[in-house]
Every structure is written in C-alpha cells, then in structure tokens.
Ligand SMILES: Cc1cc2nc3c(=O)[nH]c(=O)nc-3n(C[C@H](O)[C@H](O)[C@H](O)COP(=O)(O)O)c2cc1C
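We begin with a single chain expressed as structure tokens, specifically the form predicted on its own.
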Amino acid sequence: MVKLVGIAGSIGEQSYNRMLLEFIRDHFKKSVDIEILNINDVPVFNEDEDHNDNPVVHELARKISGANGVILATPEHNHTVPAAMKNVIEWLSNNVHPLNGKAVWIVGASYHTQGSSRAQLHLKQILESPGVNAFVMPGNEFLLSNAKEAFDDDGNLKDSRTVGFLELVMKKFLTFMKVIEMMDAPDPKNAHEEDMDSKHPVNTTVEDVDMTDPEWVEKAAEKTHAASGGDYVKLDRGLLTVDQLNCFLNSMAGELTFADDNNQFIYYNKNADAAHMLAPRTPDQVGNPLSAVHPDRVIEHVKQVLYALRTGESDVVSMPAQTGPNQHVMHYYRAMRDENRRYRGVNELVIDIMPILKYYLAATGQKLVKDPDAVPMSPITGLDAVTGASAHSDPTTDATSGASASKSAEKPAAPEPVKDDALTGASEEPAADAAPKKPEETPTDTDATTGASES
C-alpha cells in the first residue's frame, strides 16, 4: 500500500487543516496509508543546533524519508504560511533533507473564501527552493473555504462535490508520485552502461556514508536512525520486531542477498560464516558497490544479468555454480519491483537443490537415468539464454550480488566433477503394464522436509 505522511501547519488546539488531513486519511484508508505527523514539539529553528540533538526533528525526517509522498495542509496567516510550517521546513532543509526529490501535495483550509490560496502559492516557492528541492504537484489546487461550516459533527466534509473533487485530485497525486519516483530511477541505455560503482543515488540511498567502509551498516543505521532490536516494523501483511525479522531471514533454507537499484550490495542473511557458505560473503562487504565485490573478469556478465532484470527482459535469471554427484548449487536472481512496477533491485537466492532432489526420489521410489535424446546443459556454456553469463568464471563468487569472499575468508572445497548421468536425464517412468515401485522409506535420521542428512 502507498505510504503518505501529512503535516498540518497549525499547532492550535482547534485546527481545520488538521481536520482536513484526518478526513483525507479516513476517506482513503482502503487504498492509501496516511500518517499525520505532530509538529507541536518542534523547537524554534537554530542553525547552530544539530537536529540529532532533538528526537522530534529526526523522527519527522525519518518518517518523511520512508514515505512515498507528503501532504501539507496550510492555513493562511497574514497572506503567507504560518510560522509553525515554515519552522519545520527550516529544520528539514538544514542538516537533513528528507523533502529532497519527494512528491508533495499542498492543500489548505481557511475561514473565508480564499481557501489559503496565497499561503499555498508561497509554500510552493519555499518547497522548490535550494536545500528543500521538493517536487510540488502543479495545479489541482484544493482550497477549502468557509472551513467552519464545511465539516459535520463527525468531521466529515458535508459537500459531496467537494469530496468528489478531492478524490479526483488524490488520484492525480498518486499518478504524480509514480512519475516522480521514476525520475530518479537509473536508466542505462544498454547492459554496458550498468553503473557497477553505484554513482547514481536513488531515493533509498544513504548518502554521506562511504560505501566501502567496513562499518557501513552501523554508520548508515546511525545516520538514518534505523529501527533495531525490539522495534516493530510494519510489513505488508505482518508486524515483526527487527529481532524477529532477523531470525526469520537467517533461518531461511537458502542464502539471500539484496542489491538495490543503484547496484549497491546492502544485505545478506548471515546464517553461517563465509567459510561455510555456498556463496561466501563477509559482513564488511555490505554497503559496497557491486564493482567492489566481483572480480574484473565477470563484471560484463554481471552487467548483462542486471540489465535484463532492470529492463524486464527477464524477471528471473538462474544458473548453476558448484555441481557434482552430491551437490548442485543454483543461483536464482529475481527482479524486485515496487507497487509502481519500478525496478528496486535484485533478490538472489543461492541453494543446494541436491538434498531436495534426493528426498523426492526416495519418497517416490524413482531414480535418475540418462536420457539418450537429451542435450545436457553445460555447467560452463549453457547457462542462461538471456545473459550467457558463465557460472564458472569464479565458482565461489555470486554472479550478481553475492560478494566474493574477502581475501581473509576461507573458500569451500572445489566441487567434485560432474558425472555424465548425475543430473542430466529425466526421471524414469514405470512401464504401463508394470506394477509401480514401492517407495523407499525415508530414513529416520533424515530431515522430513528436505532430506538434508544422508544415510
């Protein structure tokens, strides 16, 4: 669901602009999640003070940064915006700039017929000034006049035509947000132009933190005041603490990696040390641009994979890495897209499918045999039709985002050579007139789901 935040420019106990925001929040709650932020405790702006000294200011900045768009409801005081609204913008354009590149919709309510029109015009100029750099939706002004008579006792707008116009403008604002979000999306013209050095920040990039710093996670978390520990995170269909989310991801059957749409390696589920991983990664690599975590010889192949995912030429790219009679490691690269279908990065899954295959064969009483008519896929040349990326350029290196192990990390032993009949043929079907085979009983010391432990 689209996430918006709303700010009313009045801090008075009775505020018709806050009532307007509350009506917008309630009226559109089925399609838009709107949180109304409180600015009553924001101190008077002083450029000598660091916003980090005031939790109210940096909490406002954090919530605005995490929203898709912002709705500002301004009264009109002396033909301009009220001091409280201007004061908040001063704080949010000094050491922090959460409105930079953010889609903003201005609305307003006033006692008289002007509907805060002059204040809205002035507020647009302020928001578009250097240091603020917001993208204000042009036209489509929502000017609520005679605010004292506009609401009923339940806080609902009385006039159906006003509500209808409000619905029309909200629809346009949602479209406007999509356009603004696409404006900062990297747009390489071909695979060769994929920026592997992460030089084109997107709206989720943590700026002013060195990407190659071994403590990138800690420093970026401090700068963004990231949730941690017992803090709750609201997901699409769930509510988890950060600790629960870490436990959940680290217990996944495979190794997960996330590189964002700026080709920055920003996450992996650390369920083992590098020496025991299928695609070794180390904590100090998180935050690196992808160019820093791949050997030069595979960079062009990685660009091809990323470009295919970014442009929608392919939604999933898969390829084997280590293969052998007792191991068949697969890398799956899947494009991630937001609610506007904008590419937001690549999600990689690395998993050894051999335990799953062995369990299936044991449970169904089947076996693998060589198909004389099949043309086996070469683990070196026959990988992916879209990219042709070679998985064996470096068998211990994740081809897209999984950082190759640092020099200090111990690499796993080389895989055993692939035998002709290991995984190349279709499973044998029983003859039509033959009695079906009795499935082998699953050994009692075998994982009931994956058959991971071998007898």
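What you see is a predicted model; the values in this text were computed from it and never measured. Counting begins at 1, following the sequence as shown.
The same protein also exists as the form predicted in complex with the ligand; that form is not shown, yet it is the one meant from here on.
- None of 111, 248, 360, 165 but one reaches within 4.5 angstroms of the ligand in the model of the complex through a heavy atom, and that residue is 111.
- Checking 77, 86, 178, 97 for any heavy atom within 4.5 Å of the ligand in the model of the complex turns up a single hit: 77.
- Taken together, the three residues 10, 14 and 118 all come within 4.5 Å of the ligand in the model of the complex, as judged by their closest heavy atom.
- Figure note: of the listed segments 328-336, 253-261, 276-284, 102-110, the one touching the ligand in the model of the complex, with heavy atoms no more than 4.5 Å away, is 102-110.
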